[in-house]
Ligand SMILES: Nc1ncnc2c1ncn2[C@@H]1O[C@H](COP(=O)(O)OP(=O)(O)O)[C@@H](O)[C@H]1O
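So this first bit is one chain, no partners, the form predicted on its own, shown in structure tokens.
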Amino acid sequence: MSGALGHSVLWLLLLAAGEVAALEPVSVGLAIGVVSAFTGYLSYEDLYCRFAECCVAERRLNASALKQDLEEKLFGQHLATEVILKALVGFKSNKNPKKPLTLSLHGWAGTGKNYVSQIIAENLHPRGLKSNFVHLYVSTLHFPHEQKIKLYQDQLQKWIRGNVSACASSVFIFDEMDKLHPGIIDAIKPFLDYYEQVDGVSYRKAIFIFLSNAGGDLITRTALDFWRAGRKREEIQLKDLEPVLSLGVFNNKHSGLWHSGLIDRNLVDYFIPFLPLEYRHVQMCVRAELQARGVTVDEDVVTKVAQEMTFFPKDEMIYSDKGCKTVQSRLDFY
């Protein structure tokens, strides 16, 4: 087959494969087999993964892209940016990690925890939260009934075992950990520990992320102490918050990590504080949302939206009580 004809056939068959990709994997496989037979250029796996999502356990993390996303899209969170970048780059660079990476993100609503989990997912798997290898569990949705804790524990173990068996680099995000019934999360303790395998499955390349409002009061107290002492928030270091945060969450009866074996066994790698947002950070959120909508940034609108937010403490009025959570809905009025 001539080179020109070969390329023509390749493109026609690729288009055919693209049409059947929306149908079923078997059809895609047949199309790919035909393409491979004609061309001899690409392996079945390489070509299949152009049309269907594949788990690539050794997929490299683009550290520069992650750094840029965190710095450009996350406002007022120097600690979270620094720790998350360090943790993910180190973990993904290690070809033989001893345990899964486990991150626990804490702070008031609207400070960026959910947004960060989205950024992390998109940098690990191209389809982000829509990926078949990224799994989001919401406490009030997936585990609502206290009397069904044993059932939830069994289900959780089966879900995680099945998903990690299908993709070693699976990502699991647990939202509303402060609303999770204590004891449920301990069901996954064996998967987060330093075991090479559990029942024939290795969990060492998986990533677990917990999102929680618990500890928000402790974080705010530290931020206020720095502000009242005339120190910049950027001077706050992880060592100023992580020990008191882990202890506070462990002893918080309204936390899904209350007296959890995950903390007791030191299986959470990082407790990451999200600081309360100031007026200037809310302004940044408004500008970013306007840009995301493709609208020219109007500083009058930025000021109006930011001024509509409520702030605390009552005397100082420093921090937005909802962070940036209601920025999108407020912009709809302008």
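Numbers follow the displayed sequence, beginning with 1. Model, not experiment: these values are computed from the prediction.
Beyond what is shown, the protein has a form predicted together with the named molecule; the following relates to that form.
*Asks:* Looking at Lys73, Lys148, Lys179, Lys99, which is the one with a non-hydrogen atom within 4.5 Å of the named molecule in the predicted complex?
*Replies:* Flagged contact: Lys73.
*Asks:* Heavy atom within 4.5 Å of the named molecule in the predicted complex: which of Leu224, Val89, Val198, Ala109 fits that? Just give me the one.
*Replies:* Partner contact (heavy atom, 4.5 Å) among the options: Ala109.
*Asks:* Classify Cys285 as contacting or not contacting the named molecule in the predicted complex by the rule of any non-hydrogen atom within 4.5 angstroms, answering yes or no.
*Replies:* Because a heavy atom of Cys285 falls inside 4.5 Å of the named molecule in the predicted complex, the answer is yes.
*Asks:* Any chance Ser202 has a heavy atom within 4.5 Å of the named molecule in the predicted complex?
*Replies:* Looking in the predicted complex, residue contacts with the named molecule do not include Ser202, since no heavy atom lies within 4.5 Å.
*Asks:* Taking the named molecule as it sits in the predicted complex, is Gln77 in contact with it (heavy atom to heavy atom, 4.5 Å or less)?
*Replies:* Heavy-atom contact with the named molecule at 4.5 Å: present for Gln77.
*Asks:* So in the predicted complex, is the named molecule close enough to Ile272 to count as touching (4.5 Å, heavy atoms)?
*Replies:* Output for Ile272 is no: heavy atoms all beyond 4.5 Å of the named molecule.
*Asks:* Within 4.5 angstroms, counting heavy atoms, which one of the listed stretches 202-210, 181-189, 101-109, 234-242 is next to the named molecule in the predicted complex?
*Replies:* Checking each option against the 4.5 Å cut-off leaves 101-109.
*Asks:* Since the partner is left out here, which residues of 295-334 would have a heavy atom within 4.5 Å of the named molecule in the predicted complex?
*Replies:* Counting only heavy atoms within 4.5 Å of the named molecule in the predicted complex, the contacting residues of 295-334 are Cys324, Lys325, Gln328.
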